[in-house]
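Next up is one chain by itself, shown in structure tokens, the form predicted on its own.
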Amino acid sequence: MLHVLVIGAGTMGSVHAEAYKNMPGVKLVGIADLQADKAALLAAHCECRAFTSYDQALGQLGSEHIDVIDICLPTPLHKSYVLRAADDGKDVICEKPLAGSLADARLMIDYCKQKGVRLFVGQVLRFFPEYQNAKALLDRGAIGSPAVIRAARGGSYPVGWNDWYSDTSASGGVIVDALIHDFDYLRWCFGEVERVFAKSLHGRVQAQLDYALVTLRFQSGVIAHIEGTWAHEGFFMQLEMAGTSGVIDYDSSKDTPLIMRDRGQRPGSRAGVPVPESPLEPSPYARELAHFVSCIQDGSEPLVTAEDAWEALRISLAALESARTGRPVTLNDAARSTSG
């Protein structure tokens, strides 16, 4: 039985706590949050204890009754809590992005290795059934050789503790906080990114609006266009993979969200075969956390590693730099080879 302490009672802390609540082999022992009322409310729902700090939780529960620290806090707080959990010998699950800088992310990864604890990062898009199905179709050669990819996600401007999303130096805006999901997923599908070019509203508009369009050129030759927005109402995700013999099309706003279209070589070829998502599927977050738990229990490697999270952050920060300078950014293979 793994005993898990969740740090943070905001949106993601609530999602993670709900997933642990009924997870086999897991006991959610507490919720820690500086805002006592939020911690108490979530803890009551999940039938566990509430604390106002990590230190209070360790002091009252006892270190031996905590195996895993799950960090669901604003990005600037990730580093200190990951290092503290590693010092205490606890395996760590940390929401994305791992950190606000590559240097901090590298320090966190290396520190956990030195302390002999596991570090998992919540790049959850790999656990969405639709995106897993799309990759399975891609890997089977259903669309032939992939060439052009379009992805998008967005919705309204997020609201967080002390309005921290509006501090773009802390959140990284829609590029680092949202599009990092697509960067990780597309790298999983198509390999290493060679060049990044981006345009965005980052730092240009004072109102709570953000938008970015990022182009990635992969070493394989694939080109991807990724759009992110925090200027609309209603959350959505989209993905289109176009290849030499077909197209995979996903739109979360449609009744039939995932469709495979065969280009065909004859008149009257069928328009597409829908790949439905089962309504009985557990949430992608529950799937992700259950996977991380199983990796802790059996020592296996996760579907998404901390190194993958470092690479996704590297692409995100390159996109920020490109948007700031108006120039494309070429990713240096030397940085990758020396990062591990």
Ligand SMILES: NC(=O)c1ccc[n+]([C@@H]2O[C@H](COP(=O)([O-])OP(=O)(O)OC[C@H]3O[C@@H](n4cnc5c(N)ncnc54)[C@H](O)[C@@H]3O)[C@@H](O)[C@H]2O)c1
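Not measured: the values here are computed from a predicted model. Residue numbers here begin at 1 and follow the sequence given.
The form predicted together with this ligand is left out here; the points below concern that form.
Legend entry - All of F127, R187 and R314 with a heavy atom within 4.5 Å of this ligand in the predicted complex: The answer is no: none of the three residues contacts the partner (heavy atom, 4.5 Å cut-off).
Legend entry - Residue (of L77, I223, I259, L107) lying close to this ligand in the predicted complex, criterion heavy atoms within 4.5 Å: When this ligand is considered in the predicted complex, the option within 4.5 Å is L77.
Inset, instruction - Identify which of G100, G160, G246, G155 has a heavy atom within 4.5 Å of this ligand in the predicted complex; exactly one of them does. - result: Exactly one residue meets the criterion: G160.
Legend entry - Contact label in the predicted complex: K90 to this ligand, heavy atom within 4.5 Å: No.
Inset, instruction - Answer yes if any heavy atom of T11 is within 4.5 Å of a heavy atom of this ligand in the predicted complex; otherwise answer no. - result: Looking in the predicted complex, residue contacts with this ligand include T11, since a heavy atom lies within 4.5 Å.
Inset, instruction - Report yes if any heavy atom of V214 sits within 4.5 Å of a heavy atom of this ligand in the predicted complex; otherwise report no. - result: Contact with this ligand, no.
Inset, instruction - Considering only heavy atoms, tell me if K38 and this ligand come within 4.5 Å of each other in the predicted complex. - result: So K38 counts as contacting this ligand.
Inset, instruction - Please name which of the stretches 78-86, 111-119, 191-199, 143-151 has residues with heavy atoms lying within 4.5 Å of this ligand in the predicted complex. - result: Of the options, only 78-86 has residues within 4.5 Å of the partner.
Legend entry - Heavy atom contacts to this ligand in the predicted complex at 4.5 Å, residues of 21-54 in sequence order: Heavy-atom contacts within 4.5 Å come from A32, D33, L34, Q35, K38.
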